[in-house]
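Read the single chain below, which is given as structure tokens and is the form predicted on its own.
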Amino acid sequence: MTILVTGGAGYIGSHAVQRLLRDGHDVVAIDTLFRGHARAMHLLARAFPGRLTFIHADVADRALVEGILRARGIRDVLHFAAMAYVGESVEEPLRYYRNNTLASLALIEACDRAQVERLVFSSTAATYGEPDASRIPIREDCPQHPINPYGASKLAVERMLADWCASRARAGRPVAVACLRYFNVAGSDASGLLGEDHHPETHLVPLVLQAAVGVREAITIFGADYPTPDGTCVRDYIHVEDLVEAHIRVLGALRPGEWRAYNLGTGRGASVREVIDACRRATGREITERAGARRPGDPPELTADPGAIARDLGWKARVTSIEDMAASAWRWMLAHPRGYDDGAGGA
């Protein structure tokens, strides 16, 4: 079976491509390479010869995507392609609606025309906005009221997918859709082939590890006056391989006409300070902290209740320790201190 992965050269997308290839699937990966890495695709193509097709393109190109789907007879899609920086979305909201929402509309239209049967959408906990404390840990029935354009752009896609799924069912040609809402992702694959490399880097774990390795002088804590136990933001972290496992398990479980939504996470939150301390333990190095102002659009706490997917599909995060997540990311960073650009591992 051939599966289409959008955003396949990105951090999460490349790990999903790797897992699918390991499972014996052929994969077509699409990525603009705006924030994805061609090198990740080269490494995977070399590791799995003849099984990966990488296409440097934009999912917003409906005709091109439809042609790929038809030519390869693709029936399953994992949709990761998106911009995902909260602060940037506040500064450039229209860019986020164009790249996340409108591009996804084009993809859905292409899938509709090409008779795709199953689509799993990589959504976000940011669709919930800033839930009342009584709603945390967050369940899937929590009202979705995003407080930043990033979350709003993803919620719009969820609603399009729900309407598409319902309309296809009424027309007698059902499609199956799942929206997976998750929190902060961390870690690298156990083989050491792939890692996390963003430009600019905004994710907390790699930022802290960059301070440990000397790429940056210190880690800035953006706000220490939140209504949390230590004053810093609390998030539910999930290891990238657990996240990918959930996507693939959901894809395999979907049946015609279904629309599902699941929260993914460990069910336990960690504060910024707790993450920094975990990185100190994982690396054995001193890490300098600096105080910074709050970032716009950051809720104080987001933790998941992953009970629904556990009950339905038996999925639970295997890596629950922030220190273990940081340790896997640290191994990759030590081997690739400049990310994919360092050329480690050959051409």
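This is a predicted model, so every value here is computed, not measured. Numbering starts at 1 and follows the sequence shown.
Unshown form predicted together with a small molecule; subsequent notes refer to it.
Although the partner is absent here, T220 sits close enough that one of its heavy atoms falls within 4.5 Å of the small molecule in the predicted bound form.
Using a 4.5 angstroms threshold between heavy atoms, R118 stays clear of the small molecule in the predicted bound form.
At the 4.5 Å threshold, heavy atoms of Y237 reach the small molecule in the predicted bound form.
Of the heavy atoms in T228, none are within 4.5 Å of the small molecule in the predicted bound form. Interface residue among A178, V86, I108, A212 relative to the small molecule in the predicted bound form, by the heavy atom within 4.5 Å criterion: V86. The contact with the small molecule in the predicted bound form, taken as any heavy atom within 4.5 Å, belongs to L207 out of L194, L207, A152, I138. Stretch 197-205 is the answer when you ask which of 90-98, 261-269, 197-205, 108-116 has residues with heavy atoms within 4.5 Å of the small molecule in the predicted bound form.
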